[in-house]
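The chain that follows stands alone, in the form predicted on its own, written as structure tokens.
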């Protein structure tokens, strides 16, 4: 899992580097005539994702203390926060499309949907893993050590988001 996360770091590093190079070559960024991204809504949405990361951490701490019931409850709340994050992002995407921002509207739109979309797919993948762990919690198939890999990936997905938020939304 660590090798996978390291390759994902390189992937996002490449996306961010390309974005910064293209952005630095433009006199105005975002380009005139393009809709502005919903900074406030996304700031609130960031709290849901970061909160989800904290809840996964607390779930793991509960599990290490032997509190399987508490760990499962905290993981459920983490999953709910992550689902809210994805729902708000979906709403944001539809809103941006309705305002004319798309993959083909400009380089700005291309980078927005590519970078944020790739992150959203990573959130979805990590979320599906967390859901599978949650479903196994009450069964004999659950092993605490099987939770570790998904946590590492979740922490990466949560940790890269503030960087993306600052670079894409606040620049």
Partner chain sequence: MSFWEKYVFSTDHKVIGLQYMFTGLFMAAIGGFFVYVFRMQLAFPGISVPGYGEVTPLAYNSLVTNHGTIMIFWFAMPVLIAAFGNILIPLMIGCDDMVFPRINRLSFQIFLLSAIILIASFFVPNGGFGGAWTSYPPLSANAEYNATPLGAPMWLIAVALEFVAFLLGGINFITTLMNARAPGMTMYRIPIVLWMIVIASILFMCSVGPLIAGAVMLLFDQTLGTSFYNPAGGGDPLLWQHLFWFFGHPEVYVVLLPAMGIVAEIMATMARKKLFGYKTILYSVIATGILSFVVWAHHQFIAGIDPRMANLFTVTTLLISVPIAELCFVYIATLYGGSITFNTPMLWALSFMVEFLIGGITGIFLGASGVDIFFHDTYFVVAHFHYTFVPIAIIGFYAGITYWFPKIFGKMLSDRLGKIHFWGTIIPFNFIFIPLFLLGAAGQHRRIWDFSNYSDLATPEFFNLRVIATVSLIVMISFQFVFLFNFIKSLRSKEKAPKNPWDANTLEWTADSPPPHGNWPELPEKVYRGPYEFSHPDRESDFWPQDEPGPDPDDPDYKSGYSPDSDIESSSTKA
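What you see is a predicted model; the values in this text were computed from it and never measured. Residue numbers count along the first chain shown, from 1.
Not on display, but discussed next: the form predicted in complex with the partner chain.
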- Message: Give me the residue from 62, 107, 45, 34 that has a heavy atom within 4.5 Å of the partner chain in the predicted complex.
- Response: 107
- Is there any non-hydrogen atom of residue 160 lying within 4.5 Å of the partner chain in the predicted complex? no
- Query: Would residue 11 show up as a contact with the partner chain in the predicted complex if we use heavy atoms at 4.5 Å?
  - Reply: yes
- Message: My question is simply whether residue 166 lines the interface with the partner chain in the predicted complex - judged by any non-hydrogen atom within 4.5 Å.
- Response: no
- Does residue 138 reach the partner chain in the predicted complex if we count a contact as any heavy atom within 4.5 Å? no
- Candidate site 83, 128 and 133: all three near the partner chain in the predicted complex by heavy atom within 4.5 Å: no
- Query: Can you tell me which residues in 1-29 come within 4.5 angstroms of the partner chain in the predicted complex, by heavy atoms?
  - Reply: 3, 4, 6, 7, 10, 11, 14, 15, 18, 21, 22, 26
